[in-house]
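So this one's two forms of a single chain, laid out as structure tokens and tagged structure 1 and structure 2.
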Structure 1
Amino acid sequence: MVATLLHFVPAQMWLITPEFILRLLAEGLLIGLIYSLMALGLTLIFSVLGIVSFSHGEFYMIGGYVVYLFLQKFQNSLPRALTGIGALLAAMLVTFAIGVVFERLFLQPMARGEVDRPNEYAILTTFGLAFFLQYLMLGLMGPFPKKARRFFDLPVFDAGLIQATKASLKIGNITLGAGRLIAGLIALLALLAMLYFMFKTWTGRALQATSQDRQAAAVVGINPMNMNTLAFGLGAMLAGLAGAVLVSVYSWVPWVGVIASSKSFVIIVLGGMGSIPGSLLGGLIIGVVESLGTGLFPDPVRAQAYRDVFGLVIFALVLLVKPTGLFGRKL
């Protein structure tokens, strides 16, 4: 009996200190910000086009590879910070362009009502794009993992409680890697910029109007078709940006997007399909749950393998118990 109970007690019990929990929380929140960014793109696509893009993870993958290629080419000829910014911009531009072209060629006919059974068509055609992009990058980049160098450094300072070196930040006893920290900060900036765009600019409001009522939006002079293209392009761009900031944290292979896209599915369903606050909160929740779940899992050997399972279990539960999610509209 006692032995059975002991089985559920974490094996690395001695490791679980407040600092450890705090570190897990902080790492979870940083990764959660990036998940939020990606999910925001997916939610934008869903709210305007009414489809779930199954190629979202592949835009994430492309974004990472563009940064990698950009750094390979320019890291010796340009100053460091400039290379980083250039790489991010290039990733955003490329993914936006692919998204726009794909939307014009394959999704516009659906929006115009030229396709039978549009739901199936949307699933299959975005799935086809994912298939195509994965193997295209496999052909171009080869199957071996690539990893980009960190493209920004932390400013070095020592302020007692908070100490920073180029590669890490130390708050009290908690050490955070610079790669994740910078990735999280860029994601936060991008999220704020995106929220500003969505709520304060004319185009952003037009996007929201289209997602609420296409006919009414058309009446007040918004072209819903152009909004479709813009939404898909922006959604792809956000996924690409998420990949771009993470390529220096994880090693990159052509199928890296599969797990990433399943995470964004988890988040938009958890937050409620098409809800912007839902995708932000959902991303943070999933990031923290994954981080804590992995850190506190009883068997450390299996913990890494189960990392992606925690989110998926939440996902299955939400779909079964409350398919509208936290802030969702009705199905």
Structure 2
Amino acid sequence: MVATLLHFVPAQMWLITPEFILRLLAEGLLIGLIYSLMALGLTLIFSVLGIVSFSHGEFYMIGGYVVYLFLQKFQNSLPRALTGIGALLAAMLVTFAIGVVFERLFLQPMARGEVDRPNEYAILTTFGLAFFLQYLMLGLMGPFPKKARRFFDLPVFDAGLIQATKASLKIGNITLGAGRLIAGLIALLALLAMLYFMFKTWTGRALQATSQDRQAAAVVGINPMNMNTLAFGLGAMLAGLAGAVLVSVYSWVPWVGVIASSKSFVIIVLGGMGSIPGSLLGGLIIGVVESLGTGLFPDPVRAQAYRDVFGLVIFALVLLVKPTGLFGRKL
């Protein structure tokens, strides 16, 4: 009887150890930082402009392709570290510039009251930008997957419990790949820089003031139109940076931003629309839940197919308890 029951227990269930759980948690936190970076950009756009950008995922896609092209062009003419830094800066500048130009040309008329139905207009224009960027990159880069080489190496050392090679970091029996580890660390630094910018600089406080009361902000000398442009540009740049750090981890195709965009929507609703702490915590929660759900699911063949489902289950449960999200407020 016992032998019969054991026959139906998946073999990988016997491989679950504390080290395995810790590795899943670490990987979930690393990818959660990327999710938080994406969601923070979308939150910034929503809180200042009052719209949801349906082109957010395409900026993520553009950032990855900029890094890929930059590395292809300069990988043999510049030192490896400088090439990586230059690629990330190029991705940030390109996505920021596209966001600024788009906001000035297509969203400013809405802010000036020149559009009769601004909500529908914002949906159509951002959807239009998403299709334009997606099919532009499809024409330029083709439909076949691209993947950039790892643009930073880890320092090699052996400190007993902690060991590192160029391609991985090992802490005890837990091994983390350099690509995801570096992507998570860059995302963490970017998040800290954005939090400092938002809460410790005059421009960041001006963005917050505009999001809370545009008329009061204008009275004290803040130009709401400029804040709109800056918010959309920064939001696009954060999405581009998220894609830039992951293009060496995942294969890149022109429609890769569709999934990233939908995940960002889930995170900002989970954390509370317009809430910066909510977007940060929501991204970490979704990352950890997806990692644990995929790693612990009894059938490894189906686990990846169900990856998005695990996060959506938590999303639904939280909204059942608190419909406004973790940090949302009733309007």
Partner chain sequence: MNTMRAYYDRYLPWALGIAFLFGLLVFPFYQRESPYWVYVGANALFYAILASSWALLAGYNGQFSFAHMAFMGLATYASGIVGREAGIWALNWSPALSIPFGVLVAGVVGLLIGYLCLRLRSTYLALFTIAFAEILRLVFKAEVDLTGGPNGLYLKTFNLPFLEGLTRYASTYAPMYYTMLAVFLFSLVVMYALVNSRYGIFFRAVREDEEAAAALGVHVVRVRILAFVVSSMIAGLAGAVFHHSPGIGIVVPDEMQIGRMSLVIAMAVIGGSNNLMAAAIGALFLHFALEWLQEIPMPDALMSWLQAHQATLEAWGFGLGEAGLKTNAWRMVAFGILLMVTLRFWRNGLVSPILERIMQARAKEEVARGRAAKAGKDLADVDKLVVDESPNEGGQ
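So that the term is clear: the rigid core is the largest set of C-alpha atoms that superpose within 1.5 Å between two forms. Since the model is a prediction, treat every value here as computed from it, not as a measurement. Residue indices: 1-based, along structure 1.
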item: Structure identified as the form predicted in complex with its partner chain; value: 1
item: Rigid core superposed: V309 CA moves 2 Å or more between the two structures; value: yes
item: Displaced residue check between the two structures: L25, CA, 2 Å or over, core reference; value: no
item: L319: CA movement between the two structures [superposed on rigid core, Å]; value: 5.6
